[in-house]
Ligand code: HEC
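One chain comes next, on its own, written out as structure tokens in the form predicted alone.
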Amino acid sequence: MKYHICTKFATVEKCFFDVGLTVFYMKISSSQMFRDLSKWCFGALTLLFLTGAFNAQAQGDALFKAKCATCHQVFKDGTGPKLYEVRQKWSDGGAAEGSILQWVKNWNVAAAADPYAQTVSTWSETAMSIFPDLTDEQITSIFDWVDSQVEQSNDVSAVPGVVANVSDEESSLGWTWIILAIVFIVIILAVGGVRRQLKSAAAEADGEEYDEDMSYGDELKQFAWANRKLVAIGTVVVVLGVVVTLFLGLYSIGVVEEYQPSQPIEFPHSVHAGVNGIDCKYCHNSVTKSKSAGLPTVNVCMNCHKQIAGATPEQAEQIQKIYDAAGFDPAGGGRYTGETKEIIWNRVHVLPDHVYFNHSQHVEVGGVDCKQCHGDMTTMTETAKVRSIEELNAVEGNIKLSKKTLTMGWCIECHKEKEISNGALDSKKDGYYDEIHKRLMDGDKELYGKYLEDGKVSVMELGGWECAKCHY
């Protein structure tokens, strides 16, 4: 099979395909070639335009986050006014053309040249930052990106990991149980009356005497005497059951699983640690260097909530409590009044006075993740509570334990299972256990070898079960 293709690239008109004895003829006109070329050019220009538009959007997004987000929000006033459709607002207010671009670069110059810009400068006591490095195109890309945003629904239940507040209280089942109890009592009395009438009729039919004045107590005594062996066995079983129940109840003393005190502010960890991804150590900043993890100060809360005032009335009500504590008035650009109000939080994890626990030793040195003791807080929609051992064991990566949370057995079991290092102590390469490694190697190498038989050195093997480690 042969192919003969006749082409002159500049003036292509004919091509011949010689297949055996058959010749096929195909003609490509110049107009057809031009149409194909036009389509390719149009497609390339469209792609170039879209690429430029996407780049402008991306540039506007990046510049807004880098330059503006500290003081401005898209749809809400913060330290500075909201930026959505701000160009239209300036235009409707009579601002000079290009004045808003000059405002971003240097608001002092804009305020001196434009009366409307001068009015805007009095909106807040906080002065606008200047950005002389931004070009008109960059500023325009910021405004274009802002105006392209879509305001989210105020329905907080639409946010992943957030449970909306339900205003309607669930109806209590107390009355249902009371009504059912009354019904059962009436049924029992009615059945008892019918039974006595039947016994009286049966005795009369058999020619026997039946004392209709006999009380229920007398009948019970008569039945118990007639079945005294079964009654005696039942009494022993009941007494033993009560004794065992009482002794088991003693084991629940000091067990505080599911303890969840009320708090002055409803704080959903699922929003802060889950949706927004805030690290635990940002708020509990003493956890790596102190015995206590600490509670965040109002100033830490205000780092974010100076800008975030809540998407719903319920959220705004809770955040207002933070403003009251900080002495902050969010009106306009916001200002501090100096009139503060203390927030009194209720402690959740309370250990007995004779128990010593150091957060920094566990978190910083032991490398224990917060979720091992507190559970996955990114899913905690309510205020904090003492998680049950079942909830803690369900968290991926946690050491599986069997004793109740915050009990002595829970701590001891964890010290047995938790490793300090996988392999020799000097394999940690953190310097903390180097001296212990050296002493074991020089003083009792055989004991050290026993520690390493399971491939790790546990907390228990280095004295984690000694009473004085945890008790004063």
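What you see is a predicted model; the values in this text were computed from it and never measured. C-alpha atoms forming the largest set that superposes within 1.5 Å between two forms make up the rigid core. Numbers follow the displayed sequence, beginning with 1.
FYI, the form predicted in complex with ligand HEC isn't displayed, but the following is about it.
With the partner omitted from this view, the residue of 244, 188, 394, 278 that lies near ligand HEC in the predicted bound form is 278 [heavy atom within 4.5 Å]. For the residues 75, 216, 345, 336, the 4.5 Å heavy atom test against ligand HEC in the predicted bound form is passed only by 345. Partner contact region in the predicted bound form: 377-385, out of 377-385, 324-332, 226-234, 180-188, criterion any non-hydrogen atom within 4.5 Å of ligand HEC. In the predicted bound form, residue 266 approaches ligand HEC with a heavy atom inside 4.5 Å. When ligand HEC is considered in the predicted bound form, residue 369 lines it closely, a heavy atom lying within 4.5 Å.
Of the heavy atoms in residue 148, none are within 4.5 Å of ligand HEC in the predicted bound form. Ligand HEC in the predicted bound form is not approached by residue 110, whose heavy atoms all lie more than 4.5 angstroms from it. Applying a 4.5 Å heavy atom cutoff to ligand HEC in the predicted bound form picks out 89, 90, 100, 103 from 89-103, in order along the sequence.
The Cα position of residue 123 differs by 2 Å or more between this form and the one not shown after fitting on the rigid core. Core-aligned CA deviation for residue 398 between this form and the one not shown: less than 2 Å. When two forms of a protein are overlaid on their rigid core, residues whose CA moves 2 Å or more are considered shifted, and residue 338 is not one of them between this form and the one not shown. Distance between the C-alpha atoms of residue 312 and residue 144: longer in the predicted bound form than here (change of 3 Å or more).
With a change of no less than 3 Å, the CA-CA distance between residue 308 and residue 142 is larger in the predicted bound form than in the form shown.
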